[in-house]
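Only one chain is given next, in structure tokens, and it is the form predicted on its own.
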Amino acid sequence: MRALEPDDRRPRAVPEARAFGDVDEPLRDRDFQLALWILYELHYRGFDGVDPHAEWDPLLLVSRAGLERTMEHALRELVASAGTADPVEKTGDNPADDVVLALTRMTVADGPSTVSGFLQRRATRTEFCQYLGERAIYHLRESDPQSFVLPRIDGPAKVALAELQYDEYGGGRPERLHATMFARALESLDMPTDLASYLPDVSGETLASVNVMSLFALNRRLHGAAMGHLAAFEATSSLPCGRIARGARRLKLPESVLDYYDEHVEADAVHEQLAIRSICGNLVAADPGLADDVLFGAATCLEVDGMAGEALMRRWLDERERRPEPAKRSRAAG
């Protein structure tokens, strides 16, 4: 092997966001989001037949960094245009209290999910299964992105995050791992339990809603945004899960499906306060400079998850419009 020349020791340049400027809407572009998801998956379970060393391949890391720059820029533009995460309003001398109040207002104002209402009242069994397939890309890896944040924080916020993750991971009971419970729900409906089966049909918006968690969690400078995202995710989960559970009962779906959503009605009601107050509040109390990052992460969750829900609703409505109407009974047949 030849000796390194001085120029070889310089770090490789990370591509600018404009390197991907031909992607008009990166948060909706399926190819863009799928490429980023594949690069992130190397840090989770990897792929059969792919060398594990690929996780730290320098060229792949450079490619990921370029995609991440484009995505982060798009996220900041989205949040700014929506006005979801204005700078923290200072109501006193305690920035942690201000952030807790802002997160509470943001998540209360979010309102009911159109998707959960549709699943509760109108969805067919096929549409309900399509929803499960769309969400499988996250729920079969449920809570894994946030675990990357544990070594990045300390003190009461770390303890609170560990408590929340312990609950997500079954509270000491492997059979109650939330990802395992979701897999059982899929299995009860004769749906595959391997994540790769769902990738061909997942929208770019849904991929973006999952990728944003990895973007925040795998970049240490964005750990405040990761916890803000977690707080918004948990605070807007319990009520929709209740509506989805009622939809599953209406359709008489298997008990494993009900078990998964009933679990989240109770668990996420507790996690909401744990994430907002004990994690984000303590995080900002220890470092007030993280306040705006926390709100940015929360706003990103609300906006991107909203986009994913809208894309799924459009798909269902389009499919219903294309569906042939039932033939009317003729008088002779009557």
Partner chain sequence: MSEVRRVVVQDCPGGPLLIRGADEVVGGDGTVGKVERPVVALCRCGRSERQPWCDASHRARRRRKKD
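Numbering follows the first chain given and starts at 1. All values derive from a computational prediction rather than experimental measurement.
Keep in mind that the form predicted in complex with its partner chain is missing from the display, and what follows is about it.
Peer 1: Name the single residue among Asp29, Glu272, Glu68, Glu303 that comes within 4.5 Å of its partner chain in the predicted complex, judging by heavy atoms.
Peer 2: If I apply the 4.5 Å criterion carefully, the residue I get is Glu272.
Peer 1: Heavy atom within 4.5 Å of its partner chain in the predicted complex: which of Glu142, Glu127, Glu72, Glu263?
Peer 2: Checking each option against its partner chain in the predicted complex, the one that comes within 4.5 Å is Glu263.
Peer 1: With its partner chain left out here, work out from 189-197, 203-211, 130-138, 100-108 which stretch has heavy atoms within 4.5 Å of it in the predicted complex.
Peer 2: It is the stretch 100-108.
Peer 1: Spell out, yes or no, whether the shortest heavy atom distance between Arg246 and its partner chain in the predicted complex is within 4.5 Å.
Peer 2: Residue-level check for Arg246: yes, a contact with its partner chain.
Peer 1: Tell me, yes or no, whether His43 is in contact with its partner chain in the predicted complex, where a contact means a heavy atom of each within 4.5 Å.
Peer 2: Because no heavy atom of His43 falls inside 4.5 Å of its partner chain in the predicted complex, the answer is no.
Peer 1: Is Ser63 near its partner chain? Define near as a heavy atom within 4.5 Å, in the predicted complex.
Peer 2: The answer is no: Ser63 has no heavy atom within 4.5 Å of its partner chain.
Peer 1: Closest heavy atom of Leu39 to its partner chain in the predicted complex, within 4.5 Å or not?
Peer 2: Outside the cut-off, so no.
Peer 1: Just give me the residues of 160-174, first to last, that have a heavy atom within 4.5 Å of its partner chain in the predicted complex.
Peer 2: Counting only heavy atoms within 4.5 Å of its partner chain in the predicted complex, the contacting residues of 160-174 are Glu163, Tyr166, Asp167, Arg173.
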